[in-house]
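Before any questions on binding or motion, here is one chain by itself as structure tokens, the form predicted on its own.
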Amino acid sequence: MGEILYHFFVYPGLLFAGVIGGLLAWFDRKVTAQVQFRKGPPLLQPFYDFLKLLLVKETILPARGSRATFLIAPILGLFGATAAGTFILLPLFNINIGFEGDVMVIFYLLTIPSLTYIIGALASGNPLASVGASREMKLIISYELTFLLFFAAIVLKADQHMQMSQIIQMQAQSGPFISSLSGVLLFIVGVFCIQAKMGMVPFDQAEAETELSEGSFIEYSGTVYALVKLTRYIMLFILPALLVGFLISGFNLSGTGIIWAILKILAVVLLMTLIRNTNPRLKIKQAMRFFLIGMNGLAIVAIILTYLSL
């Protein structure tokens, strides 16, 4: 029990994933600043933001709605992200205590943060938050099917193994999945899915600062908003790590392999950052069409190519 709690709360769970996610958030903001010809924030700015919300800013509860649900939702979202991150990172760090079928557990755990954003927004009683929740629901309906097809294709490429560590081991023996045509298509699908899960442009309709003033999170402040921030930091690390584990052979944490592991994560985050800085926000119907037709079609083609061993 002590080992499980250590993995969940310290390494590679809550504390470790939160710190690395904070550093990646700085990297994302720094690249964004360079694209926009600005200097950008200092290295520790994401941690300053988190600590200010956690320790300094007042937590204001909405006058309407369900206060208990409003407060519990960010806690559940943080739990989902941390649990998913633990299952993803343990095999990547060669701590093989997973089980057959943990891939599907990861899939369901990764849906929890998005669902809690909806629950918290609806519990706030704010009409703008409700609009944001409505948009988030439509996005989930769109990209979760694509994400499920992405997982299904990975399982097929791994000879129907449904354990994260086995998927990584297969790539260590026969080469990364991304070296095949179906792997390249799945990488494209995966990048856009995690872009939507992170609520990054062009899929930030649920927040849309210029339209909804943060939408789903408009009523959050202080400590509870700090938990939302921490959840975002963790997701910014574990989602690219999932993509690396599924398609790019995972991590080799020995010698120069450590540098390659860092570069793999940075490359995925850099790609996501460039996408969000070079594309306008889509309308919600455009985003739904993009996933339901375009990305689903691409995922199905990848599945067919996988059957053909391509």
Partner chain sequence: MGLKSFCLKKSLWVYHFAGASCNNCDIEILDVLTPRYDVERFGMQLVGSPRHADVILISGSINQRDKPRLKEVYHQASKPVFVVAFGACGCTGGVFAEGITFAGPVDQIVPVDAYIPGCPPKPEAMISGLSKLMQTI
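Everything numeric in this text was worked out from a predicted model, so none of it was measured. Numbering follows the first chain given and starts at 1.
What follows is about the form predicted together with its partner chain, which we do not show.
Among 102-110, 156-164, 219-227, 87-95, which stretch has residues whose heavy atoms lie within 4.5 Å of its partner chain in the predicted complex?
Only one stretch passes the 4.5 Å heavy-atom test: 219-227.
Given that its partner chain is not shown alongside this chain, does Pro41 nevertheless sit within 4.5 Å of it in the predicted complex, heavy atom to heavy atom?
Pro41: yes, in contact with its partner chain in the predicted complex.
Give a yes or no for Leu53: in the predicted complex, does one of its heavy atoms lie within 4.5 Å of a heavy atom belonging to its partner chain?
Within the cut-off, so yes.
Would Lys285 show up as a contact with its partner chain in the predicted complex if we use heavy atoms at 4.5 Å?
Answer no; every heavy atom of Lys285 is more than 4.5 Å from its partner chain in the predicted complex.
Does Leu263 make contact with its partner chain in the predicted complex, using a 4.5 Å heavy atom cut-off?
Judged by the heavy-atom cut-off of 4.5 Å, Leu263 is well away from its partner chain in the predicted complex.
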